[in-house]
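We begin with a single chain expressed as structure tokens, specifically the form predicted on its own.
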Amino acid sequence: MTQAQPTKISLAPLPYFWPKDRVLAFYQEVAKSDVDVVYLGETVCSKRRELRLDDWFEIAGHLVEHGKEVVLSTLALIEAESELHSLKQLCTRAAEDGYLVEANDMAAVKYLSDLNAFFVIGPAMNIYNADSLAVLAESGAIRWLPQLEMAGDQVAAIVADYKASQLKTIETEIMAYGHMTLAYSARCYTARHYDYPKDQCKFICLEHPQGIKAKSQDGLEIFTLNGIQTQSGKCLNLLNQWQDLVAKGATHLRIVPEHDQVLEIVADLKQAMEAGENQVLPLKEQHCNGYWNRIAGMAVV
């Protein structure tokens, strides 16, 4: 009988535009943390160039030295030939250096498949059934992230259907904490908030290290604007349901690094997992967990 592997804690790529010094300092702390897998790179906007590709690979090397598994992440929305060139450069170098890549669109899948490189199916890819998962697994995928709006029983059904196909094993990573990306747009809503053209945005995202809150007419924080991303207004908190996530197939629990204190949450999750406890982070007004529990996404139970 094959022994089940322990569930790992993963850290998503940084969703927001932080100054280089802050990014470097943050990953110094990540190296000392309980995180098992670290995703690195820019996934939102190609204009966010505080760190170059060499910087990301330097951070990757440092994290590997501290025992972390590192995955390089790709842009979710490719809009220019130059971005396609950068994508190919990232995939090629990652394959040469032995790093996994999180593919966030089919162009990345094509490049990685041509390189015979294994990859992770990122959250910007839409996987809603085991057949789609099998196609990507044949192309080299070894891990996938279900769509955020899927309920727990839907994820469990896909995992079960895939296992029944008796294809090669694939890992399942489920987001447990962070603001959910609900939509991508070719427009930059942060630039539009300031009435700046997208190509002359003045890197205004740097002034919003946790995005911009968008409120409804009755004052409810309904969305968070982050460049081309429209995120949820509330922060997903499935941490206290981590045992249910694992029971439904999660091999990895993903935490989104939206603030420096997130590593304290990682430590609390690690402690709860080792102790078999289900209380990690109390549910607060700004939290939500509706989608997983098959109710309105912004609701909490």
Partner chain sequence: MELVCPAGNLPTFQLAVDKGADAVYIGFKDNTNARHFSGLNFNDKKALRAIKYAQDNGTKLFVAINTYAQQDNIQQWRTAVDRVADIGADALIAADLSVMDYATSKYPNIPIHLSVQGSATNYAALEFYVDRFNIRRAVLPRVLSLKQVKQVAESNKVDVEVFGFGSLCIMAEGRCYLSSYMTGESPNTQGVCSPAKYVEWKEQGDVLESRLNDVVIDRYGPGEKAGYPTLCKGRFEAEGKTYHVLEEPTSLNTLNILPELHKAGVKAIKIEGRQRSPAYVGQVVGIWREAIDRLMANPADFKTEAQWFSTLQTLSEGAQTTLGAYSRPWQ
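Residue numbers count along the first chain shown, from 1. Given the structure is predicted, the values throughout are model-derived calculations rather than measurements.
Form predicted together with the partner chain: not shown, discussed below.
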Contact at T92, L253 and G276 by the partner chain in the predicted complex, all three, heavy atom at most 4.5 Å: no
At 4.5 Å between heavy atoms, is A117 in contact with the partner chain in the predicted complex? no
Proximity of P197 to the partner chain in the predicted complex, heavy atoms at 4.5 Å: yes
Taking 4.5 angstroms as the cut-off for heavy atoms, does D105 touch the partner chain in the predicted complex? yes
Might F223 be said to contact the partner chain in the predicted complex, defining contact as any heavy atom within 4.5 Å? yes
Hey, which residues along 127 to 150 are within 4.5 angstroms of the partner chain in the predicted complex, non-hydrogen atoms only? I127, Y128, N129, A130, D131, S132, V135, L136, E138, S139, Q147, E149
